Every structure is written in structure tokens, then in C-alpha cells.
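Let's start with one chain on its own, the form predicted alone, as C-alpha cells.
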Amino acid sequence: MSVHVDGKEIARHLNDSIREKVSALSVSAGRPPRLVSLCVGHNEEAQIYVKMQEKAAEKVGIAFERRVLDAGLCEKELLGEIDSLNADTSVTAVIVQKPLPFGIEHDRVVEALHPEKDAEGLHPYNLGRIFRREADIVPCTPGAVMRILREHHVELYGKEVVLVGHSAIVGKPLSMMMLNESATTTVCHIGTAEKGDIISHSRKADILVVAVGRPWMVTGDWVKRGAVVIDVGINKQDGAIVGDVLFPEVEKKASLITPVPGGVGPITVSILMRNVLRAYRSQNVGA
């Protein structure tokens, strides 16, 4: 029987550490760190995530501001708002919520952020630092995956790691983080699927990470016995939240598996808070 990852417990321990460090730095700097969540218009799913951020920030002592802008805002106006936040020394970090209205490019908005205020770790400067093994602020979901593996003492050196999904938010940065740990890393994507090779790659994996957004795509037949399976997917299916992995089948073969919900998700929010702490520490050197 596989070990089920308790994401809430890992997040709780991480939050305890963050809260202690935030408290000490807030005293020396004279104010707490401040995270601004920037929303353009109203999206119900985005607001659920924002509430999670607000709750997590409160737990660790980070001041949180939810700033909602008019849905009719153009990209130039949004970039002007970003410029103002960059110049505001009371703002430690900014997260720009997706989705953005048609005509506004999320990547362009993130690039406009000062790298030190990039709460999600998606600015090209911060992504580039992963290549140099110098990253301090990292993309939140990849950071959560790496935290899970460390917490469960999963050795990466020389292991076969297969990532299903190559998004700029998860798959690409995570692949480099795995390579930095000397894992033998394969990234599967639409081209792999069109050749019909995903399952054959998946079956070789010592560590399988799935981040596609297709409910129950990965079945027990995809998984090598004893593999570690990390399910990053969050999907709505028949009124319930489910992952990309068919949990009841895969748990019978995996040595370690993340449930959905309650696996990667809570830790992802904690990594966001850790990024804010690290940004705050960088901005207050000597405080």
C-alpha cells in the first residue's frame, strides 16, 4: 500500500517556519511584508485562490491586499499599475491573478514586475536563476513538488523522472530543478502524445509528475510498481475536485502518492508565502 502525502501537514510545518522568520524580520524592518494580489475583473475560480492566499498570509504574518481592477482595463493601464507597485516601497511582492482579459498578455505583465517583487517566481530573471542553481524565488508549484520529495527523503540522483506536461508554470521549470539534482529527466508533451509514446515513457519512471489538466488521465497501467507519483492536476469532475491521476488504481502500485485535493495544492500556497518572505529579506538586507 502506498504512502499518501499529507500536503496540509507539510504546509503547516512550512508555515510555522515562515511565520517565525517573518516575525523576526518585521521587528528589525519596522513593518511586516506586504503582498498585493492583483485581479483584473472578477473570476470565481481566481477568487477562490485569492481567498486561500489571504488566509495563508494571515497565518504567517504577511499583510495582504486584494486589489481588483476594472475588467475593461487595457494592457497599457495594467502595466502602469505594475509600475506603481514596483515604485511603492511598502509593497514587498505582487501576484497577478489569471485569467486576464482578452488582449492582455500574462507573460508581458509578469515581465514588467521587478524581479524582487515577483511572488510567483515567473519573471524571466528568476526562471533564469534556476539554470544557474541560484534561484531564491521559485515557481510555486514546482517548489511544492520539490518540497514533497525532500520531506519524504526521495532520492533524485540518477533516478528516472518523467514529467507529463511542459507548461512554463510547472513542467519546464520543474524539469530544470530535477536536472539540478542530477535526475535523468524526460518531459512529455503534445508531440509525445501524438506519437503514442507517453505511456511507454511513464512506465519507466521512478518518479512520475503529472500536470496536464485532464481528469483521471493516468491509470494504474501507466505506472511502474514502487514509483513515486505526484499529481499536480486540479479538475472539476461530477461536482468534485479530482486530479490527473486515477487515484484508486495508481495508489495500489505507487510507493508514494499525492491525493487531490490535499496534496500539492496546500504546499503551493505556502511556497508563495515563502517567496514573499525571501523577497522581503532581500529588500531589507541589513535591517
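Numbering starts at 1 and follows the sequence shown. From a predicted model like this one, the values you see are computed outputs, not experimental measurements.
Unshown form predicted in complex with a small molecule; subsequent notes refer to it.
- Judged by heavy atoms within 4.5 Å of the small molecule in the model of the complex, the contact stretch among the candidates 228-236, 29-37, 245-253, 65-73 is 228-236.
- Not displayed here, the small molecule is approached by Ala211 to within 4.5 Å at the level of heavy atoms in the model of the complex.
- Looking at Met177, you'd find every heavy atom of it more than 4.5 angstroms from the small molecule in the model of the complex.
- Within 4.5 Å of some heavy atom of the small molecule in the model of the complex lies at least one heavy atom of Gly165.
- Taking the partner from elsewhere, Val276 is found to have every heavy atom lying beyond 4.5 Å of the small molecule in the model of the complex.
- Put simply, of Met217, Leu156, Ile104, Val91 only one has a heavy atom within 4.5 Å of the small molecule in the model of the complex, and it is Met217.
- The three marked residues, Ala57, Ile95 and His114, fail to reach the small molecule in the model of the complex, with no heavy atom of any inside 4.5 Å.
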